[in-house]
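The chain below stands alone, shown as structure tokens; this is the form predicted on its own.
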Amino acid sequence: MMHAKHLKYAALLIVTGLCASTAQAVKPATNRDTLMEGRRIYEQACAWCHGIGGEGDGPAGWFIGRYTSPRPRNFVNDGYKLRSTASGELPTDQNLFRVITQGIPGVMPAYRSLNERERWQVIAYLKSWNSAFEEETPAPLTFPSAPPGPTEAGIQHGRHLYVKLDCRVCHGDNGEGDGPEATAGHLRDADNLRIRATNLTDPSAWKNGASSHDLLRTLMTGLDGTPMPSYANEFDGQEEALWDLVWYIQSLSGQQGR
């Protein structure tokens, strides 16, 4: 059994996003050599979907989603869905590293076959297309620590919040992605492409991760460019209620507390 101080340390790593899946190696300096190597790796591993110029227009993009979302990310103009920063802001370098390392379920493969230095080189190269990265340093939101675990009363309160916040309009009464907006085909992304509501009963479909901390991050940041908003303002100063909603969503798939 782990000692209490070890449990506390492990929780800190999860909440701050510094778990084993994120970067451990020192990032190389962003210079000509880094960018040239990043370009070489990008053109071998990424351009087929994201395009030579990073505009999301690679040949495979038409097969991934010609008429429906998601399309490959446009690194020149698009916002970023998977972040730990506030809605509308750029992702942190750690956010980009996480996506490249873990991939996106059902959409993008994991690139653990690239060593950490190579992943950082690719990140430096794709950031070079967007001058906004030079103008600001994205800062992650502060996420509330998890309570000891879900309770039946907390899950019931989470159900109440799920209804109150109209989550069921998209995700359905039982979280199966069959809400009236979804079934009517009204959900569209920033490119006006039809988008499906996530089936919350199937954790393998959760593109931003299926752990309790992943869900918390998604609720706090939203998924920019999609109908999924940020709920940070609704839960300002109400950390316990936010966790109740997380526990309820996880209960739909039997994943509570993971």
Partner chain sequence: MSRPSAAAAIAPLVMTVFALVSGTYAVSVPSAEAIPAFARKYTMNCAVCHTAPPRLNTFGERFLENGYQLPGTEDGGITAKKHLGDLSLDDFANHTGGRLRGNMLRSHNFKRQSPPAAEAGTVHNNSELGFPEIFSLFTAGSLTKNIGFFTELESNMEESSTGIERAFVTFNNLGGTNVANIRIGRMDPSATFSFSTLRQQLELVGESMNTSTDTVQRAGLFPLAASAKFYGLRNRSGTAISPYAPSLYNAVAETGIEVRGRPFGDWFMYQVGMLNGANETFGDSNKGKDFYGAVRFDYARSANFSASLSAFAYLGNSNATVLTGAGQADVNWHRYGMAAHVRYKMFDLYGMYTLDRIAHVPTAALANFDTSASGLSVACDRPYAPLTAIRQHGYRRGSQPAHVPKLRRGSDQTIRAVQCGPVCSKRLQPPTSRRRQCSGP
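Treat the numbers as computed from the prediction; the structure is a model and nothing was measured. Positions refer to the first chain, counted from 1.
Omitted here: the form predicted in complex with the partner chain. The next part is about that form.
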(request) Flag Arg39 as yes or no: does it have a non-hydrogen atom within 4.5 angstroms of any non-hydrogen atom of the partner chain in the model of the complex? (result) yes
(request) Answer with yes or no whether Ile52 is in contact with the partner chain in the model of the complex, where contact means some heavy atom within 4.5 Å. (result) yes
(message) With the partner left out here, check for me: in the model of the complex, does some heavy atom of Asp33 sit within 4.5 Å of the partner chain?
(response) no
(request) Spell out, yes or no, whether the shortest heavy atom distance between Ser113 and the partner chain in the model of the complex is within 4.5 Å. (result) yes
(request) Flag this candidate site as yes only if Glu43, Asp57 and Ile64 all have a heavy atom within 4.5 Å of the partner chain in the model of the complex; otherwise mark no. (result) yes
